[in-house]
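A single chain comes next, written as structure tokens; it is the form predicted alone.
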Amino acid sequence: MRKYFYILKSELMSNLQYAFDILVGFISYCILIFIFLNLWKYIYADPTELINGYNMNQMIWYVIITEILWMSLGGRKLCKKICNDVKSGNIAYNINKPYNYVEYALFNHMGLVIIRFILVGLLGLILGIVFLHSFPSLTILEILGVLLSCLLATIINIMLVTSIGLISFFIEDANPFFWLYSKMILVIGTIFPIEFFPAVLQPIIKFSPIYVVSYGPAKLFVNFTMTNWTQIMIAQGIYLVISFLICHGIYYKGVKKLNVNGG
């Protein structure tokens, strides 16, 4: 495990040199939050009015948190890198290294995600406080609970994106599959909470990755209860195991295919 933390540390130090460049790249995030701020101000005639259990401030904070999680992930870069490793044959060199490629991809990418999460997180919190003049009433323990949920959401997301990238073992290009996955998360998971969808769709969405990688942490941030936290932790724990097994299953089948073909 020490070698993986060394990989994480190396990637952290490398990305710290480009912190300002990363921050400049989040201009689109500021524009997006500004648009949604005005959209929800228009929809809510009264800021204290509840729509599907959310007041205006909660809705805006929900979008801020879900966008922080998605923008900090850098999923397209990860998927593209893994696809290129597979197609170029570079992954063959990693097979004989003293580490597992899946864990390497996870810890290596976490070095980038941590920097992005801190930068875009601070930016999002500043925007929320400046525009809303409020902050959800959370205790220190509740904040730690939200951060733990964000960490698990990020790990699950990385594992799922890695799984998509590893499909390149069997098809020419897995990037279109990531495009579909990203649009599902963005359209369904970041703009609206699950409660805003038709009742018939809500159970389906709760069983999808959206519930654990996007909705869960944001829901805890705007309305933290021990019941919600327990349910989300259980769901994230289950998805963590599932995503781990799927990712490793695809990887080992791909390596076996590579060995059979003399790669």
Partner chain sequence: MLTEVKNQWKVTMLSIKYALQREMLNKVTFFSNIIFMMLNNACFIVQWIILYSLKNEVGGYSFKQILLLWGIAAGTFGVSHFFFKESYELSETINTGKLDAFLIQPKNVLLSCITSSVEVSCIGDMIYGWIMLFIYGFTLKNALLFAFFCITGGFILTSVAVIFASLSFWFGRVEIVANTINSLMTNFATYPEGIFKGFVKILFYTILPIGIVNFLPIQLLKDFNFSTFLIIIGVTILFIAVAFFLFYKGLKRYSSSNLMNVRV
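Not measured: the values here are computed from a predicted model. Positions refer to the first chain, counted from 1.
This protein has a second form, the form predicted in complex with the partner chain, left out of what is shown; the following refers to that one.
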Quiz prompt | is_contact(I140, the partner chain) in the predicted complex, heavy atom dist at most 4.5 Å | solution = no
Quiz item: So in the predicted complex, does W229 come within 4.5 Å of the partner chain, heavy atom to heavy atom?
Solution: no
Exercise. Indicate whether Y104 is a 4.5 Å heavy atom neighbour of the partner chain in the predicted complex.
Key: no
Quiz prompt | the partner chain contact in the predicted complex: N38, any heavy atom under 4.5 Å | solution = yes
Exercise. Could you work out which of I118, I191, L125, L151 is the residue within 4.5 angstroms of the partner chain in the predicted complex, going by heavy atoms?
Key: I191
Self-check item: Residue among A199, I27, I234, I204 with a heavy atom within 4.5 Å of the partner chain in the predicted complex
Solution: I27
Exercise. Select, from the options 206-214, 221-229, 49-57, 234-242, the stretch whose residues sit within 4.5 angstroms of the partner chain in the predicted complex by heavy atom distance.
Key: 49-57
Quiz item: Can we say I31, F34 and P176 each have a non-hydrogen atom within 4.5 Å of the partner chain in the predicted complex?
Solution: yes
Quiz item: Hey, which residues along 157-172 are within 4.5 angstroms of the partner chain in the predicted complex, non-hydrogen atoms only?
Solution: E172
